[in-house]
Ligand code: NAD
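First comes one chain, alone, set out as structure tokens in the form predicted alone.
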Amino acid sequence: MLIVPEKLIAGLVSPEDAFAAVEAVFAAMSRGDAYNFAVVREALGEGRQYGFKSGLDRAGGQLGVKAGGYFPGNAARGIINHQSTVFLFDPETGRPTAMVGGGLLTALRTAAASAISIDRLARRDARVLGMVGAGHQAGFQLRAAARVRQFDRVIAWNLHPDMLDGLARIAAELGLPFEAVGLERMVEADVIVTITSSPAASLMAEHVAPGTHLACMGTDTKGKQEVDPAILGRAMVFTDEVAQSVTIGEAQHAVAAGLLTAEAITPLGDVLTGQHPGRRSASDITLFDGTGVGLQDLAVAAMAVRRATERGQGTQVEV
């Protein structure tokens, strides 16, 4: 088994690599060549979450599981709140083949999924990017969004405004004017990325203009909520996996309120494979419910393993 520690990941997998890997996973899921197993998520108290995401990708030849979660006390310890490790297995024999640090990989694959949704569903003339949330993942989201659209400016809101300085620095690096705004100003955005760990909706229906694309990336657990269910009720809703969307994703609240059905939600992979046209008009509101699926983690971890093997990096151990 090859151990690829977290410290090597940045040199092995780029954002562009993650985009390609996640795009291939979406397509494989749409074709029925890959599927996720049931998610296990447990609340540990004091805001801590721990769980397992796993799956089988026949097209990519990957079987595995990501173990990890959210530990909000980590920031005070000088480490990131999201902690995870990916374990890969031989799909023919079940023997473990790799153990891979999953922190940066999780951030990269989450941003890649959001960017793919923007690339496929946002209007081509989108010029204003709205960011709701300014935590560790938000910077990855901003950079990924800027790779697929030529935005003119960025507007952003966060519950704790002092945290917006980090996003402002990234926007400056990208050459994009940046402004901290109230949520009511999100009506100016053509694309809105929500990336918070909120238990209650912050972005409301009146904050979203016709023609907007939303990438809702923060809700991945029962009870979390970032946006008003009414938004999903009037949007074309897409997701990484419908089963997760209605149980632990943003759609859980709209479904519970009777504003949306599972049948009305489209896997994003169906847009990639041509089974669904995606956005139909410039006035459509499109929304991607990014719950984060195990297959994405396996795909980026497998890429890290391939690169490490080619370069003689990592540590081989007998199991």
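These numbers were taken from a predicted model, which means no experiment stands behind them. A residue's number is simply how far along the shown sequence it sits, counting from 1.
Another form, the form predicted together with this ligand, is not on view; read the next lines as being about it.
Enquirer: In the predicted complex, does L159 come within 4.5 Å of this ligand, counting heavy atoms only?
Expert: Yes.
Enquirer: Residue-level contact is defined here as any heavy atom of the residue lying within 4.5 Å of this ligand in the predicted complex; does R185 satisfy this criterion?
Expert: No - in the predicted complex, heavy atoms of R185 and this ligand never come within 4.5 Å of each other.
Enquirer: In the predicted complex, is there a heavy atom of this ligand that lies within 4.5 Å of any heavy atom of R109, even though the partner is absent here?
Expert: Although this ligand is absent here, R109 would touch it in the predicted complex, with heavy atoms inside 4.5 Å.
Enquirer: Spell out, yes or no, whether the shortest heavy atom distance between A215 and this ligand in the predicted complex is within 4.5 Å.
Expert: The answer is no: A215 has no heavy atom within 4.5 Å of this ligand.
Enquirer: The chain here is shown without this ligand. Which stretch in 122-130, 171-179, 80-88, 206-214 comes within 4.5 angstroms of it in the predicted complex, by heavy atom distance?
Expert: It is 80-88 that comes within 4.5 Å of the partner.
Enquirer: Which residue, G51, G292, P267, G60, is the contact with this ligand in the predicted complex, using a 4.5 Å heavy atom cutoff?
Expert: By the 4.5 Å criterion, the partner-contacting residue is G292.
Enquirer: Hey, with this ligand in the predicted complex, do G233, E241 and T286 all fall inside the 4.5 Å heavy atom range?
Expert: Not one of the three qualifies.
Enquirer: Under the 4.5 Å heavy atom criterion, name the residues of 198-215 that approach this ligand in the predicted complex, in sequence order.
Expert: Sequence-ordered list: S198, P199, S202.
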